[in-house]
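Given next, in structure tokens, is a single chain: the form predicted alone.
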């Protein structure tokens, strides 16, 4: 990849909007760690995004899409290239008309890739739409949730996806049915650097009070069992088949283990938290220590659920 440093003037001339230079990624991550991004650009519409992706491709500049920073770990040295934040039309949310052949007791919503997942849950509750209750309390954006096939309590967002509007790394926009996205546990089958522009979800028409009650139950469970007040990236490791990563970490005696400012949560062992002064290196070192210790104890190698950006990923 070419150096952005040698193209910074060209990028400034090309891009009409604001460019943030050398901003710490700790400001964009729920883990509150990460070195500076060479450049951060907020994009508000599809045409501008297409232009930017074309320019980056032509100049061989690396780029990253971040949602709300809830499932990423950025190294201390930072991110080279351009970090793209989706705003404007990408944070939109609407209920759309029923499609031919759609079941009578269902409804569709369309959410932009940059729309907060919490906003979508609130919208569904307000409109008596059921199916997304499991996502209450999960931080991040719709785009991140779909790409990661976010889930909880035996529910996954991929099961609700009717279709998605996508952009490949050449700037081509296309629509794909949800059933063709190759959803797996905490992932999808679409090639890397594909951007989710929006997602259309199928919800059941329900009863508002029952939906609110379900959301409250899930939220109370999260408050009881997860360190929601600490800086973290949510569940750090994927659950092995038929097993719990948190239980494996706990059984290995790692709750409360500290490396630098990074700590295995004493409330939920599958959370690595920033105690206040952690570096990304602290978190990476703790991640490797947990993997090695659990492997020695159980013979199982845990795989990170968190996306580690940069070459170290």
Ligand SMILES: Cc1cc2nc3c(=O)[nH]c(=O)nc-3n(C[C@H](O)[C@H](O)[C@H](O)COP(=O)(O)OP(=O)(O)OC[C@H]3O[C@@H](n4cnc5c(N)ncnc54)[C@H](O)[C@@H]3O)c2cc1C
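Residue numbers count along the first chain shown, from 1. Because the structure is predicted, anything quoted here is derived from the model rather than measured.
Omitted here: the form predicted in complex with this ligand. The next part is about that form.
Proximity to this ligand in the predicted bound form, taken as a non-hydrogen atom within 4.5 angstroms, holds for one residue of 152, 214, 91, 108, which is 152.
From the list 204-212, 238-246, 122-130, 220-228, the contact stretch for this ligand in the predicted bound form under a 4.5 Å heavy atom rule is 220-228. Relative to this ligand in the predicted bound form, residues 269, 294 and 304 are all farther than 4.5 Å at every heavy atom. Not displayed here, this ligand is kept clear of residue 178 by more than 4.5 Å at the level of heavy atoms in the predicted bound form. This ligand is not drawn, but in the predicted bound form it has a heavy atom within 4.5 Å of residue 194. Interface residue remark: residue 257 is not counted as part of the site for this ligand in the predicted bound form, having no heavy atom within 4.5 Å. Contact check for residue 69: a heavy atom falls within 4.5 Å of this ligand in the predicted bound form.
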